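The chain that follows stands alone, in the form predicted alone, written as structure tokens.
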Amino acid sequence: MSSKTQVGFVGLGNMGNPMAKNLLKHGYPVVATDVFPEFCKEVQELGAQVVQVEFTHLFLHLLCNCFYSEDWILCILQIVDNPAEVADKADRIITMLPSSPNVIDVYTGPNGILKKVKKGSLLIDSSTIDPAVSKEMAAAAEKQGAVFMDAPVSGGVGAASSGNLTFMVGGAEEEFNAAKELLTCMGANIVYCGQVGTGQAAKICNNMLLAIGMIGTSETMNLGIRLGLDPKLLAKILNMSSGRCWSSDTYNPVPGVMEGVPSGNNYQGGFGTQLMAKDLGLAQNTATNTKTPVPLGSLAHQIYRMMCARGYANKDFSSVFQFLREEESQ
């Protein structure tokens, strides 16, 4: 543990929580914060569990149980009050936040990272935001002598928990290996995309396709059920045929078809509809700015915005299946 330097982490929600846990599991001391105290408390509990489970064999091997103490756990995981305090204690910081305004506040606000950032610090933002905001944060960090990289993720909560996320990284190429050292603790695929903002560009494109695919899968499953097909049988056929996609074979939106996905838990957890609507809005804005036709992306954006207005904002984005079923009954 002592051979690895402390890592800062800001944003301990559905994704940040397991990401911070995986840093702990790989032996990195973590100093973290979140605007919601309950998220901090949950990570503190997780941190204690990680220390106990991952290192008990070491203690037994060394016959040094007396070394284990609450103080040692706190040395491994510290919770502080705000992002500036994180920057004061760590020169490598990862942020995982909901939207562009959150990122701007965490980096440049009154208690932001850049208020106390050390020169030479590496700042990695894994939020999904407007590429223009990533470039703005990179410029602000550079003025303070720090390096900012955007590294949004794909894979959802399941991949975050198992350490199998895909990171799409934008920033100075000479800093990529330093970022990859940390990101490998949390992901299976670390891809360099180019300069700052290109990671966000890749993520926005991916999520637009994900939304379109989820709506298509939901429509298809709904039609098949109305035609009398058993949903598990239909999913099996789709997944051995040309219609197969991630939304059908890994994250099926129909309750009862798959275990361990939000559709089997009343669409709780996972990737929220509100966040998907936000990402589709980013895609729409960039498509407008680049004069790129995205008719299906625009329609997907409208559907997810309607879902937010109809009470689905906090449900997983796969609840579009339930939304379509309710629409047909009206």
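Just so we're clear, the structure is a prediction, and the values are computed from it rather than from any experiment. Residue positions are given as counts along the sequence shown, with the first one as 1.
Form predicted together with a further copy of the same chain: not shown, discussed below.
With the partner removed from view, the residue among C193, A146, V257, I76 that has a non-hydrogen atom within 4.5 Å of a further copy of the same chain in the predicted bound form turns out to be C193.
A heavy atom within 4.5 Å of a further copy of the same chain in the predicted bound form is found for exactly one of E219, E181, D81, D105: E219. Within this chain, Q44 is remote from the site of a further copy of the same chain in the predicted bound form, having no heavy atom within 4.5 Å. a further copy of the same chain in the predicted bound form comes within 4.5 Å of a heavy atom belonging to M208. In the predicted bound form, a further copy of the same chain stays beyond 4.5 Å of every heavy atom belonging to S99.
When contacts are judged by a 4.5 Å heavy atom cut-off, M168 counts as touching a further copy of the same chain in the predicted bound form.
For the three residues F36, C40 and A140, a heavy atom within 4.5 Å of a further copy of the same chain turns up in the predicted bound form in no case.
Looking at 120 to 128, 156 to 164, 184 to 192, 82 to 90, the stretch with residues near a further copy of the same chain in the predicted bound form, meaning non-hydrogen atoms within 4.5 angstroms, turns out to be 184 to 192. Along 268 to 294, a non-hydrogen atom within 4.5 Å of a further copy of the same chain in the predicted bound form is carried by Q274, G281, A283, Q284, N285, T286, A287, T288, N289, T290, K291, T292, P293, V294, in order along the sequence.
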